[in-house]
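Given next, in structure tokens, is a single chain: the form predicted on its own.
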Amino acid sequence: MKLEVEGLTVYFPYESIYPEQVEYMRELKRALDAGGHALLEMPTGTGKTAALLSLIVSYSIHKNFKFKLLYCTRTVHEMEKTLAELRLLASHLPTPTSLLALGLSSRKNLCVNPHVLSAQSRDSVDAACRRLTASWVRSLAHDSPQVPTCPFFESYDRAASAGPDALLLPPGVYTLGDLRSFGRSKGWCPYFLARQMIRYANVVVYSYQYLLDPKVATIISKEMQKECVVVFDEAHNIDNVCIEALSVSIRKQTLEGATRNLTQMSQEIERLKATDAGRLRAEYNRLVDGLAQRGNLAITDAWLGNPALPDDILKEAVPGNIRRAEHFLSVLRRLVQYLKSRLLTEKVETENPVNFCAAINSQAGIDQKMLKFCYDRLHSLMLTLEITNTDEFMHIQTVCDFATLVSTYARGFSIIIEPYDERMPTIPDPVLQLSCHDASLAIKPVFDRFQSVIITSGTLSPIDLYPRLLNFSPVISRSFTMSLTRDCICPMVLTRGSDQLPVSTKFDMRSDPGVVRNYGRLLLEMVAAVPDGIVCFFVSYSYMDGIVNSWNEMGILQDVMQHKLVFIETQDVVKTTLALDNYRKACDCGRGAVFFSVARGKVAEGIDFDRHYGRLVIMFGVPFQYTLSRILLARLEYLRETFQIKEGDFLTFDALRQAAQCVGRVIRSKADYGMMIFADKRYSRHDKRSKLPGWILSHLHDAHLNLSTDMALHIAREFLRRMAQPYDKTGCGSKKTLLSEEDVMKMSEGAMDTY
């Protein structure tokens, strides 16, 4: 259908549209018109992706494709769903429109060379690719044909040499599978083809890291123009992604690996001195002019960019005492030795970057400027030494990454050295962590560089906290409600068991046999009454293991399995995927199943339990972070001092967004229905409950706030009976929840009250 949104013709790929999608588009258009950033919270299952893509692509057509859409997702699964939605939209665009949209992912997801794909991890696939495509490997192969190269890259490179037009993808929407198929049919490398094509594409769908992690962003996204609209979808955890991008952990194994790397590089330098000293001399001369003078590297040689340094520093001459390769290695040896000595501590130590750099200078004789250049100097040396197996040099890369970050940022970071994990104090496991506390550091370049950044999710409550955490000023900040013809969401707060004993996962109560038994009785009552799939979320893996063992000893688990099969998420991705497949099979065949999962785990973040796969979700407890974590305590202190965010407010906000994310898994469309039980007495407190998204709170009635197990069971039965009745999907009268093209026209004329 075609609709008008404030004077803009929007092409929408479905016959009807939800009222909140129209509202969402309106706010989105205002943000694009203002050339500013936006924060938009839209309930799950209301077609957020379709509304986003339709409005932005239509806006782009209206502006003659003067800007590009960079759509960032967290997982490959979400990327594929977005591209499928985009393909549907492309088929509804006016005929002369030539839209090029593609997904970009790692070599592991795009490579078609079977020899390279046989490597296990992402890093080893990258290294296997470099062994076949590095510029020096290819020049060797030119002289001696027995040196192996990649036929797909060679074919791609031959086509590229005929000029940029020879490599163009025909207009269309390309998923990762499409790119692989196209690459195989042409004999071209899909990964480098995608890297080449993102500069011509109208829409690029890729991972958060390609914009937020400076090491990747400087290589992949450096050519993106200011006239880009950036969308971060499912962005409720964006502050954590930003912090992880600038944090580094160093363990004993890292430093031992770094020592081995340095020995290997030292031997390589000695060999080079004897056989090709000119190459080392050429590198020395280049470093006098600054790292930026190394020119444009071949696309296969560009490795990871600098984690922190601005371009003007890269133009300076590299400090004289690390220009010579052997001198640089000697500096790195001293640095590794110093870090080893710091790991020998028997008590927890916390330092700020300024003091840490001063200590390195006084004890190891390495000044701040030398540290700043470590990462790029290492990259330069590895290119000079022609090292292709980069996966084996991850340890020394981590040390140099740490050195560059610690010497660049004076604020927003802490160095925390812990001799053991507090939860297992008898096992020595020393770790030195450079912990970033300020999420705005990683995302600031994105806000500064692009005209509009849209942060959107189903869980952004309280929405006023994100501008403070990310330190930006949105021109539009809005939370939308869900228009429904029937109350298909039934949230409940369960505070006590049938015996009236309170239930909670508070530390002093969680191992109480009465609480464990009441949680078990709740599950048992629900599996007997609720059909199909039930999903249970626990606050941590250790708590889930403990309570499942207790239920097993009490015989509760055996009783549950009389009604439904039980599947459990583990930290092993393959086992969890298998468990999910079997869970779905059990739901499909009518046997019904229960899936035990963990808040903040893979399942809680990316798996949908729509329709009969999730008729009820039980959140056992409030998923607070481990509050004794030194890193968390340091971050809380920084947030309080810098952004005036109280510790309690941040912890509650973080726990409740995770809980909302877990329970939101069961509603994936308006035709769907499901119940949510928040099983902890703390949810009945207003300060906790009020942090839940508005679309959940609007269905949480006062009568559902302080329930015991038997009351919750009665409400569940009533709800399921109500949901079994036929209903009108479009709504009626002034409360229409599914709008036709004609309805939208009336609505825009103000003739219809949609809510």
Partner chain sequence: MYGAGVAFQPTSSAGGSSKEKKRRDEDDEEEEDDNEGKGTDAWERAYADERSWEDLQEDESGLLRPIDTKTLVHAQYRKRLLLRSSTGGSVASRIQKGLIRYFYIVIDLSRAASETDYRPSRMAVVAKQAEAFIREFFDQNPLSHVGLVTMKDGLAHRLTEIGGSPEAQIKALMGKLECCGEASLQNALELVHGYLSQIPSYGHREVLILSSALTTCDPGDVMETVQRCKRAKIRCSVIGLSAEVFICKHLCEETGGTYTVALNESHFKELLLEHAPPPPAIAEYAAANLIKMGFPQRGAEGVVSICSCHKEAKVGGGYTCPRCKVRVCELPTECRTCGLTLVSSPHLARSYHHLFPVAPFDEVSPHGRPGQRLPTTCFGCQQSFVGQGGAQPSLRTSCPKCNQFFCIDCDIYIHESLHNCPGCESQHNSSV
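These numbers come from a predicted model, not from an experiment. Residue numbers count along the first chain shown, from 1.
Same protein, other form: the form predicted in complex with its partner chain, not shown, and the subject of what follows.
- For Asp376, no non-hydrogen atom is located within 4.5 Å of its partner chain in the predicted complex, even though that partner is not displayed.
- Put simply, Ala703 is far from its partner chain in the predicted complex: not one heavy atom of it is within 4.5 Å.
- In the predicted complex, its partner chain lies farther than 4.5 Å from every heavy atom of Glu418.
- When its partner chain is considered in the predicted complex, Gln562 lines it closely, a heavy atom lying within 4.5 Å.
- Of the candidates Glu78, Asp654, Asp532, Glu283, Asp532 is the one whose heavy atoms come within 4.5 Å of its partner chain in the predicted complex; the others do not.
- Site annotation in the predicted complex: the residue of Leu697, Ala34, Met711, Ile61 reaching within 4.5 Å of its partner chain with a heavy atom is Met711.
- Proximity to its partner chain in the predicted complex, taken as heavy atoms within 4.5 Å, picks out 520-528 from the listed stretches 408-416, 568-576, 520-528, 168-176.
- Although its partner chain is omitted here, in the predicted complex none of Val147, Arg271 and Ala277 has a heavy atom within 4.5 Å of it.
- Along 491-511, residues Arg496, Ser498, Gln500 each place a heavy atom within 4.5 Å of its partner chain in the predicted complex.
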